[in-house]
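Shown next as structure tokens: one chain only, the form predicted on its own.
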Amino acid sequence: MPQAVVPRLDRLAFGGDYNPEQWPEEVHEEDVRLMVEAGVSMVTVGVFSWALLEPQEGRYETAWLRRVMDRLHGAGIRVDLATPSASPPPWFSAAHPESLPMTREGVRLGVGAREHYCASSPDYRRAAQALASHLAGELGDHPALALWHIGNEFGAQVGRCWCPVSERAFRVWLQARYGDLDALNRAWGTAFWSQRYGEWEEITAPRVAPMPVNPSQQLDFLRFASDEHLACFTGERDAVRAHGTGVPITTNFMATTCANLDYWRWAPEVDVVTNDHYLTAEDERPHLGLAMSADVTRGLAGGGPWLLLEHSTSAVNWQPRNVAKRPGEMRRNALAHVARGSEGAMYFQWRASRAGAEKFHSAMVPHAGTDSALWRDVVALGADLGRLAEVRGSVVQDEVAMVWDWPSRWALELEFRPTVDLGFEERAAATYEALHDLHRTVAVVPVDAELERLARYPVLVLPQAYLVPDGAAAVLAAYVEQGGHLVVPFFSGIVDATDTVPDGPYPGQLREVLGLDVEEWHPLRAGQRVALSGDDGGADGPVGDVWSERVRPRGAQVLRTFADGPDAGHPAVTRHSRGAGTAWYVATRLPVAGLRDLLAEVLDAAGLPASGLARDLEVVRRRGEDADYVFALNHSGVPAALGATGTDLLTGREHAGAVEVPAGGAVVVREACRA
């Protein structure tokens, strides 16, 4: 059974980014008093404090931070101590202007915001690591310290830099990846457009060019950029570890919102997987994006517990329309993260700023102060999380798996693809929504996951898998042969890891497991739709858009055909039995309702029938050593019912089989462990 992710906490983490430097000293005492009132157990400090911690190069001032940590420790509040490398101070950028990042168009970015650094800059890395080492030496033994937090949201604002420093680092990275230019030329297909390289120095960063730059080169540059940010993290991490503090080290991911980093490569490098998540406030059902982000994060944690390090009490300040959360929404959001594996709920930030770019971002202590509904909700949530301390270390019981892959997304969304209407994020969100509506808790896995990991789940869904690396197709075939149900959409398995099309018809390495090949794609015009045959063969089935293609079965059974469009009469949905399992294929883009119907059929075939729960009742089970914890969150305006027997940890009420979850409410039932 996994242990709690922050061993020095004896309860769930509850608190937020604390920036006392924005306030006079007399406010600090009030802050701590209010934290105790709210049940705060941990706060993050130092995230954007570089200018105060090192006001001049090599002159460090940490006494003020020690006083802050002493005050927090006196109140029993733990500290997540951040290294402030996300925002170099003005003196650094003035002394090292070459450390400022450059756009693809060759424009240097300026200061006055944050994340204004090139991840390949040796001056930046040296200064960030020196400060991290100094902090660990000065404060690493502080009794309040519970977690190290390296940097902040790596790659979120500046995912890539095209400056000369990055270009030189890219060549070094390529030499390590390919060894020699012959291998690189083969991988990049440089025989096309007379691109063959004879010297390493001829290779440039893929800046703006007259036509789209070689997609294999662009894909490698994306990999390189992710690895450069990772090197920044590991450099600071190792500088801290050298002091032997014994405290776990993390950095905050943005699992579904930062497309610049391959988090599957990052996850093994942190001691604790953490995540930042902010609702897309204008979404009709924003809790779906929350649930997907939490499940992706849990996947990065190998299915074990993780920690939500940032979200918002109410509105953010950076969306086109910053919609405030409605009554009960903040509580449901926090409990939903905990339901899906988080060991707490942390916020940006503790006290709303009075100045700066984020002064209109919500906080635990709003501008309205403590005589506000928001503050009262914060205090009530702190009490709720205090009652849930025993869930720490328990594990979410997921039922089906969904693939999430950053390199495939990068490659899919480069130029000169068959249609601009196909994107990874949209397909992932639609697939996840369909599974969520079917009340199946989703395990998120990489496309190249080991068979042992995949075999835990009777159903595996690929929302979109344009790129399938070598070896992954064989594992997917073995998964099916051993009894799994694999669901594959159109335009999957098209290229290998170098963005090269394998020999033979589409879909490349997936042909055999799917029992078909594809003769030609027929992307649809804007707004065009195609009807599919119904269960009786008539034209009363689902409707697709964006895509149609000419499928030729090679052993696959045809379930539905195109009723109209360029491929009328040809297969649209197929099923192929292979070994003990089945592979399903969909040759058009189905909306959520169509995906839901198809996945319901797949789930039923896999022995996972319909749940009978209300559509917007979210139910997740966490398993501990001695009990199960059933989280039920009602996102609708009417009461909803489920079956559970045990004690509601939030109210102390006993339930014997039937539980009513109030409209907009939540219950967490402790049940006896199921076999």
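In this text, residue numbers run from 1 along the sequence as written. Remember, predicted model here, so these are calculated numbers, not experimental data.
Missing here is the form predicted in complex with a small molecule; even so, the following discussion is about that form.
Practice problem: Look at the candidate spot formed by Asn252, Tyr278 and Phe348 and say whether the small molecule comes within 4.5 Å of a heavy atom in all three of them in the predicted complex. | Solution: Yes, the whole trio is in contact, each within 4.5 Å by some heavy atom.
Quiz prompt | Proximity to the small molecule in the predicted complex, single hit among Arg427, His485, His116, His361 (heavy atom within 4.5 Å) | solution = None of the other options qualify; the answer is His361.
Exercise. Could you spot which one of Glu343, Glu433, Glu228, Glu310 gets a heavy atom to within 4.5 Å of the small molecule in the predicted complex?
Key: Flagged contact: Glu310.
Exercise. Just one of 99 to 107, 146 to 154, 395 to 403, 371 to 379 has residues with a heavy atom within 4.5 Å of the small molecule in the predicted complex, so point it out.
Key: After filtering at 4.5 Å, what remains is 146 to 154.
Exercise. Evaluate Trp318 for contact with the small molecule in the predicted complex, applying a 4.5 angstroms cut-off between non-hydrogen atoms, and reply yes or no.
Key: So Trp318 counts as contacting the small molecule.
Self-check item: Contact test in the predicted complex: Trp64 vs the small molecule, heavy atoms, 4.5 Å
Solution: Output for Trp64 is no: heavy atoms all beyond 4.5 Å of the small molecule.
Quiz item: Taking 4.5 angstroms as the cut-off for heavy atoms, does Phe48 touch the small molecule in the predicted complex?
Solution: Yes, Phe48 lies within 4.5 Å of the small molecule in the predicted complex.
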